[in-house]
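One chain comes next, on its own, written out as structure tokens in the form predicted alone.
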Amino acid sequence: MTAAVPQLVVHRDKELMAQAAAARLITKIVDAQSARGTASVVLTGGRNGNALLAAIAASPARDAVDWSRLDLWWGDERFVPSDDPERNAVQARDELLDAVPVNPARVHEMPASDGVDGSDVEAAAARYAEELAKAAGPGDRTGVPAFDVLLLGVGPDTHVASLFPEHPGVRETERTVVGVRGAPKPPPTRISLTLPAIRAAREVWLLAAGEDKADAVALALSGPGELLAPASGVYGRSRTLWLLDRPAAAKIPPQLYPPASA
């Protein structure tokens, strides 16, 4: 599989970035539903992922989406109890999902530590991998659906999902979901999609805002490889889009990448 050449969109500030990303995602969902009847999106947490969801909630254009025909997945999750406010899924419900008529059967949360697998994070990861495999189509050879858009935040250390530099999860080439132990960012136990699962998406959008992300963005776009900078190893089958604000883009050579079209 050939990596889609990254395209960059740089916005004035994080607020404008969130609003523009929300408009872009609503359009992508509506287009997918018009073409195939349904759409699938992989959500991300963190400040930028949550800001995007809040911007969708505040947008009148959200009513253009048929929320009952949208499958929602997660790129990673903190392996904590299901009602823990640190869970990405809890935050997504607070920011958006409780305000729109989603079909609960199509909201695919990652297992929690108080679920049927208890504290066994590897069993929980395998359970999510099974759910993804059941949703995959006959042509989806990676064992996951062909997501329309997969969203990722970029950490200051270049981690994406819960794939951290030099950690075992970033080396995984067979499984689509892994349990993560000893993560450098609390909580230490997590569940994450792997690079093969991420690369199955039609489009991968990476979100980064703030000057604390500038070094990570510049490093990832310099192409050091996923072991050193996991964000450099993610791409979509048809498009890889970096959505940035000016502080996060401050250390990128301006001639390095082509601008993205709308």
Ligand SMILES: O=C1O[C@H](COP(=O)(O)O)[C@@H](O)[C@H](O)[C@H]1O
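Just count from 1 along the sequence shown to find any residue number. Just so it is clear, the model here is predicted, and its values are computed rather than measured.
Quick note: we don't show the form predicted in complex with the named molecule, though the next part is all about it.
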**Accessibility of shown form to the named molecule in the predicted complex, site-C-alpha superposition, 2.4 Å backbone/C-beta rule** = open
**Fill in**
Within 4.5 Å of the named molecule in the predicted complex, heavy atom basis, the matching stretch of 117-125, 171-179, 104-112, 154-162 is 154-162
**Request:** Check whether residue 46 has any heavy atom within 4.5 Å of a heavy atom of the named molecule in the predicted complex, and answer yes or no.
**Result:** yes
**Asked** For this chain shown on its own, do 88, 190 and 213 all sit within 4.5 Å of the named molecule in the predicted complex, going by heavy atoms?
**Response** yes
**Complete:** Contacts from 57-76 to the named molecule in the predicted complex (any heavy atom within 4.5 Å), listed N to C, are 76
